[in-house]
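The chain below stands alone and is given as structure tokens, in the form predicted on its own.
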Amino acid sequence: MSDRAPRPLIVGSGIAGLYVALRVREMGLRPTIVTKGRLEESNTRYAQGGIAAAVGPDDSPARHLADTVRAGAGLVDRAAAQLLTRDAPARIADLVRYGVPFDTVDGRIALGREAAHSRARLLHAGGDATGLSIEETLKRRVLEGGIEVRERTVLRALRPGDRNGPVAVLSLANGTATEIENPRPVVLATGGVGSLYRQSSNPSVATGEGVAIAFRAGALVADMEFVQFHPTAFARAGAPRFLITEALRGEGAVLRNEAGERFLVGQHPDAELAPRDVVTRAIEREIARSTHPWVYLDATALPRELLFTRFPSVSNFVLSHGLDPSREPIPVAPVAHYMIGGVSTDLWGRSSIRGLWAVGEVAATGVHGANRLGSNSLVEGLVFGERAARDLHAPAPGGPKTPRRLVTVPRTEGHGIPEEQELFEEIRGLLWEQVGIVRDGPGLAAALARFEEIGARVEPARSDTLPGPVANAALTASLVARAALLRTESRGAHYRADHPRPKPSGRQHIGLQREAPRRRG
């Protein structure tokens, strides 16, 4: 391997970041992975249900495509979805090649089903430990391959570089030892925004900093209003919001209210297997109607052996909190789960900044439209990670199309006041209460104003000072709230109580870009 080979800097260590690192290494490049936690700490690790691909005898990429488009509520980029569904089986083959131990039955790959899928097409590993199995396998391959890894290292900023890429400013997680990299290709694989919400299924590292940093550097972002909420997380005072996989409903579990009634029957033809946004809002309405803090996922009709074999993580977690899922219903409520929008890219992962790629949850390819089809997230990281890796190996000009609706966001004049943890918690609460499952204009406007106020307080007053976590959180939160305020309709994961129906004019993406810096005369 030549010492002069390009050295991509990959920021993030979920499925997208690890896969890109492995693939570019196989192509002769010399990647470095930086991650702000441990190498294995990412959203990927906590994915339970599976990874979607049309590999079953009764399935096809065309069926997978149709389901993806249907779930996306009129906003799916069809070219991106065709790539996702066409290439998914080949990327699964890559995972098998790397050693991911997918579950089998009688020597054949076992396939599960989730909401809005017309076929059983979810490959899983360790029952409901799919993400953990993938993360550990790819991590092992990265370490065995001698790829440079820097744990507890934080991307702080991106600054203009040259034709090789931007300059990445890095520091240790405690803020010391700031390091400026030479210009080099940068791949953002920093994950989503879930932990900026007070109730979330995401690990604490998922705070949307990649979006904030790219936006400050001038990158186009899109679809920020679409934050997907998962309908069923374990809900009990003092217990963690542990995800209860949708695949349980695919096996026959049903949702009941406090009175034991199946409240989704009659609300949608697919009842508990309706798209995630439909199920989430139905649960939210039932909680509000009954004033009971949660509803119940009833899996007691499933054989105990199936529960503990197919869903060992969920079953043992619930058991550890004093409930036997084969005999008692599981208390559940919705939580923030997945960021559909993010840094806008083309189909090769190229952002609007030369030398900056984005893959996985941090990227907005349009593949999910307004509502992600369950288990399309892991495979998205692979399919578009492969394309980004190939482009890194042989770069070509490109970048995302400018959305028809592009809004320029004024620059924040910062005061550089030291950050306080209380402000971070205030942002999390405001997002959950005003920019959450059900939104309205006054709430969104008030939240946006407060996010901008916090941003102005903590944003650095000097260009040579680096923003901190609260400044990044305020900026990312403001992008979500601003886009949600601009979209005066309800579509997919975005629901406005004051505009409860979709509009024909809403079938367009909303792009946000930072105002260009003023030139000094």
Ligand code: SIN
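What you are looking at is a predicted structure, and each value in this text was computed from that prediction instead of being measured. The first residue of the shown sequence is 1; numbering continues from there.
Heads up, the form predicted in complex with ligand SIN isn't pictured, but that's what we're talking about next.
Not displayed here, ligand SIN is approached by residue 246 to within 4.5 Å at the level of heavy atoms in the model of the complex. When contacts are judged by a 4.5 Å heavy atom cut-off, residue 272 does not count as touching ligand SIN in the model of the complex.
In the model of the complex, ligand SIN sits beyond 4.5 Å of every heavy atom of residue 103. Interface residue remark: residue 49 is counted as part of the site for ligand SIN in the model of the complex, having a heavy atom within 4.5 Å. Checked against ligand SIN in the model of the complex, the candidates 334, 374, 165, 325 yield a single residue with a heavy atom inside 4.5 Å, and that residue is 374. The partner is absent here; in the model of the complex, the one residue of 77, 346, 284, 114 having a heavy atom within 4.5 Å of ligand SIN is 114.
Of the stretches 374-382, 315-323, 397-405, 155-163, only 374-382 has residues with a heavy atom within 4.5 Å of ligand SIN in the model of the complex. The partner is not shown here, but in the model of the complex the stretch 222-236 reaches within 4.5 angstroms of ligand SIN through a heavy atom at 230 alone.
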